[in-house]
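Listed next as structure tokens is one chain, alone, in the form predicted on its own.
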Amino acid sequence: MLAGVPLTLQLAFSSIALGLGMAIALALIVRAGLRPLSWLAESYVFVFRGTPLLVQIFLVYYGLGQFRPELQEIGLWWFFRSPYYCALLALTLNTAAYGAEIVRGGLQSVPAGQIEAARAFGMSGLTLYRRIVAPIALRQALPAYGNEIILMIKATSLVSTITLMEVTGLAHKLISETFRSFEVFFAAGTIYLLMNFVVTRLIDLAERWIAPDLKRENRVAMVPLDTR
């Protein structure tokens, strides 16, 4: 089953990277409040957050496969006939919806007073976002987005339903050959646990690097005070 780890990580991090770009764009559209673009973005987030990921994978792989002649005419059949690309597309669309809400929450957490102070110093546009809004929003959104990364690593197990041989797909294959379901699934769960353990450590290091002062404040706050 370790042979399926590279495919699992490739799907997870590729979808996270592509989904992050979409999430930032969706969050900025919603924040801008430009109708009907913001309405379309909110509808997208609502649909993909409100439907199961497994159904979305089936719709992309099996559902769009019914439109083979139309896809061949526009030159996209090579994409939708591949289980890998269909899985990557479904995972990306799904994580973009959740990521948009995380990014939007991070942007909303930026104090209005700091934005006004930056404008008073003459900052505007991209400079304001780069120096003030983005760093603060990143500090607030990183923990939640770290959870999204972990969820996406686990969500890759669903792509085994469309013939991809990642960790769970290889686990199903081993069970059909050995009929030892408990041992195989226990090993598969251990592999996912180890992958997510490494990811959580990396996310924690990133949080300490981005916001070392907050980590120190949390440690000080946890020290019991002597009230005698």
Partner chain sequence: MTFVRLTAIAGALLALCLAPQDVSAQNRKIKVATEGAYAPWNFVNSQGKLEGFELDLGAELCKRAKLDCEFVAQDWDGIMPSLLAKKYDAIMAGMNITPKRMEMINFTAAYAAGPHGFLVLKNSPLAKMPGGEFSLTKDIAGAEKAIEELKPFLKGKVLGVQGSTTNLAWAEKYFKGVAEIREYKTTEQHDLDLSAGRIDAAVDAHSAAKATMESAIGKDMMIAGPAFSGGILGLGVAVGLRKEDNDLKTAFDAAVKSAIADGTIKTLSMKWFKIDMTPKS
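Residue numbers count along the first chain shown, from 1. Here the structure is a predicted model, which is why all the values come from computation and not from measurement.
Keep in mind that the form predicted in complex with the partner chain is not shown, yet the notes after this line are about it.
Under a 4.5 Å heavy atom criterion, is Gly106 part of the interface with the partner chain in the predicted complex?
No, Gly106 sits far enough from the partner chain in the predicted complex that none of its heavy atoms falls within 4.5 Å.
So, in the predicted complex, is Phe80 in contact with the partner chain at a 4.5 angstroms heavy atom limit?
Contact check for Phe80: yes, within 4.5 Å of the partner chain in the predicted complex.
State yes or no: in the predicted complex, is some non-hydrogen atom of Trp39 no more than 4.5 angstroms from a non-hydrogen atom of the partner chain?
Output for Trp39 is no: heavy atoms all beyond 4.5 Å of the partner chain.
So, Val60 and the partner chain: in the predicted complex, are they within 4.5 Å at any heavy atom pair?
Yes, Val60 is a contact residue.
Thinking of Ala100, Pro143 and Ala206 as the candidate spot, does the partner chain come within 4.5 Å of a heavy atom on all of them in the predicted complex?
Judged in the predicted complex, none of Ala100, Pro143 and Ala206 sits within 4.5 Å of the partner chain.
Would you give me the residues of 121 to 142 that have any heavy atom within 4.5 Å of the partner chain in the predicted complex, in order from first to last?
Residues within 4.5 Å: none in this stretch.
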